[in-house]
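Encoded as structure tokens, the following chain is the form predicted alone, with no partner shown.
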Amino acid sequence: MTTLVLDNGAYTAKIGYSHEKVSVIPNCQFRSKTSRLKTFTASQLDEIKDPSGLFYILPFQKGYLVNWDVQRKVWDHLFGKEMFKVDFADTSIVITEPYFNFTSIQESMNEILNFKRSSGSLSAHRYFQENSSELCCIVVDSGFSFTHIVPYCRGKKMKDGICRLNVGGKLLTNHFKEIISYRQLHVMDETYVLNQVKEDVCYVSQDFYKDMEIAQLKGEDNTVMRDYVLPDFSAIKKGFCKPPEEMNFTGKYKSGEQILRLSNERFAVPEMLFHPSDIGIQEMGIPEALVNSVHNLPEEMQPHFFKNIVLTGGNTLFPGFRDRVYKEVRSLTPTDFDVSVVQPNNPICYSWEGGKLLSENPDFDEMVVTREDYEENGHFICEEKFDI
């Protein structure tokens, strides 16, 4: 039996056979403004010549799978002959689903697939495999729709400590589009381009007020300011940041490139992960929620969680993210506790790799539900076997 591991995220699907490498593929369909009638699915994004004004059709809304038509087309594309050529009779599938998933969504998913876990439990599984002396860890999964903070002990999640923040990459990109549209250029339709800009130039500030002061300085004293060259999709296929030595502080560039001048936006956008109240979302930031989550757990376990904090998900790739989480959690915890924050080399695929390790587990065959099991026992057997 081969095993296909699919970490089915709201923005990208991380997919691959357990004996091969992982592929990260957009989990959505696109329409481009040049060819309005044609719909592109998942990896066909590369075929679009001009991705400006790209229209996304997402299967997930607010982190839950609601548009099954789109999801089915994406899965048909992934499992079909263009991509992974899955032979379902001879393949076990490990798929992830969000925490607190609705029963109706779970049942629809069970009809299609035969083994599932939350992505955090795969991340935790991988962490325990690599650090076999540890019994506890707390996974911070900051993704597209929201951020989950989930404590695990001996491979089981501790329900009392699970915490969800409604702040994710989608919110950051949308806020970024709004402030750029208000200050410089109308970019509300340019989700694809602005997402790229966010990934290229944003960073997490270690001292917000100090950086704010620097961002208000004029000329070369402003070390935060960057000029970003926007792509025109003919000569410039991908946007890029001008090196500081080439920046022209006086005004226009001769070459006729379209420039976005970014200063405090670079760190004010990711700051929402730490202070959602800045834009009116009445919730805790990640470090505060993390400490709050640990305080909901038995007292004797708390020091073990503080020294095993694991960061996963795309938002953790902002430069300075790990250091800021460490700094704030350290300041909120008693001095006699050790605090350790681990950021894997590839936080986006970390849970996929956990699924790969799980499929190599000798007991894996007992964890999956076969079609016969499902036809005999229905949804009940899935609830029993899967750690949902």
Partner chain sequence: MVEKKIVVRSQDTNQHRVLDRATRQRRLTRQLEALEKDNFQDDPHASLPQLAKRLPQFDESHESGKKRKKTRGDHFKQRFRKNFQALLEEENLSVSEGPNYLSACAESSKLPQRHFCAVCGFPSNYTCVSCGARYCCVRCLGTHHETRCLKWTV
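Residue numbers count along the first chain shown, from 1. Quick caveat: nothing in here was measured; it's all calculated off a predicted structure.
The same protein has a further form, the form predicted together with its partner chain, not shown here; the description that follows concerns it.
For its partner chain in the predicted complex, the listed stretch (94-102, 240-248, 299-307, 313-321) containing residues with heavy atoms inside 4.5 Å is 94-102.
Across the proposed site, Thr39, Arg72 and Asp189 without exception bring a heavy atom within 4.5 Å of its partner chain in the predicted complex.
Distance criterion of 4.5 Å from any heavy atom to its partner chain in the predicted complex singles out Ile162 from the list Val193, Val201, Ile162, Ile259. For the residues Ile236, Ile279, Leu135, Leu185, the 4.5 Å heavy atom test against its partner chain in the predicted complex is passed only by Ile279.
Not displayed here, its partner chain is kept clear of Ser205 by more than 4.5 Å at the level of heavy atoms in the predicted complex. Proximity of Asp227 to its partner chain in the predicted complex falls outside the 4.5 Å heavy atom cutoff. Shown alone here, Met83 lies farther than 4.5 Å from its partner chain in the predicted complex, counting heavy atoms only. Under a 4.5 angstroms non-hydrogen atom cutoff, its partner chain in the predicted complex lacks Arg330 among its neighbouring residues. In the predicted complex, the residues of 193-216 lying within 4.5 Å of its partner chain by at least one heavy atom are, in order, Phe208, Tyr209, Met212, Ala215, Gln216.
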